[in-house]
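Given next, in structure tokens, is a single chain: the form predicted alone.
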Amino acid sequence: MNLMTAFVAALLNSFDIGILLFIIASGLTIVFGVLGILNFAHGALYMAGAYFLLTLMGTVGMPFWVGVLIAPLGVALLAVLIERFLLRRIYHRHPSFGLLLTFALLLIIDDAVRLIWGSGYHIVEPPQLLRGAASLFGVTYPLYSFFTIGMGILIGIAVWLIFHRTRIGKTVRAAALDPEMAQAVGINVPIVLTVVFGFGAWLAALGGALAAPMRTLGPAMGDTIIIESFIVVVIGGLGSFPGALFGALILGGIHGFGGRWLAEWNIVLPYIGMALVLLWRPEGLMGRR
């Protein structure tokens, strides 16, 4: 493999990893930006999306295309119940309450996955249409990875348009910036917060469902992704949606290029990158002071 081919392969890996991380981390940063809660259970919701898809395809017999739509909705419904009956009680308390509660939810969901699906590993097959590979600039790459990259780009554009070009987005931003004034002008702030938390969980579960055919499903699959999602939002800036994209692409590049040319350092490179960003800009590359 010559240098040009190796570069293209590393670039494709970077986009593949980075776009998937963006889908997941964008939900985390939206929830923090609106609710002010760092959701440690976000990785568990990502895992739940993958396992829900596994059940819909394996037990129920749904095709992939239907399952990947329904599985995230099931996780979003679970998140709505969590917000309504648990998170809503701690909004005006010290931030440590939110950290402890979401960490407890992470442990509960992890154990629930072990009870329901067992401690073994599972595989989800990609749809027949997306099996095989395609060639790009001399590099053979899986068709399903091209699909996830395209889906991530479309989802990112759609979410940006919703938050910046629709009445719904303006309502959410008003509830986040000044909830008391938003309540005074007739916005039902508690409902807005519930919908936003459910939407953030939907993004996490969608990332899990899309990642299922590329990953081996196991009870601890959410632990790594939540760490990397936190790295993404720290690099990009807490609460910044463009920052989530920027941070995800940076982390994807670290994995894509570092895994090819600095394999022995690849496990620590994300933390080195995060430390350098924090030393230079503690609020993140696109965060506010």
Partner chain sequence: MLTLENVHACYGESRVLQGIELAIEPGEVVCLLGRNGVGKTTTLRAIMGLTPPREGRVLFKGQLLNGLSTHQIARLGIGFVDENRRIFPGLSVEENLEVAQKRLPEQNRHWPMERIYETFPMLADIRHRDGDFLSGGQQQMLAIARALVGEPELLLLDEPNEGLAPVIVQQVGQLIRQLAQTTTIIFTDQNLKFALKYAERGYVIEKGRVVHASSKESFHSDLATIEQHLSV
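Numbering follows the first chain given and starts at 1. All of these numbers come straight from a predicted model, not from anything done at the bench.
This protein has a second form, the form predicted together with its partner chain, left out of what is shown; the following refers to that one.
Checking Ala184, Leu107, Leu115, Leu129 for any heavy atom within 4.5 Å of its partner chain in the predicted complex turns up a single hit: Ala184.
The single contact residue among Ile162, Leu73, Met151, Ala174, judged by any heavy atom lying within 4.5 Å of its partner chain in the predicted complex, is Ala174.
Only one of 94 to 102, 199 to 207, 176 to 184, 77 to 85 lies within 4.5 Å of its partner chain in the predicted complex by heavy atoms, and it is 176 to 184.
When its partner chain is considered in the predicted complex, Arg167 lines it closely, a heavy atom lying within 4.5 Å.
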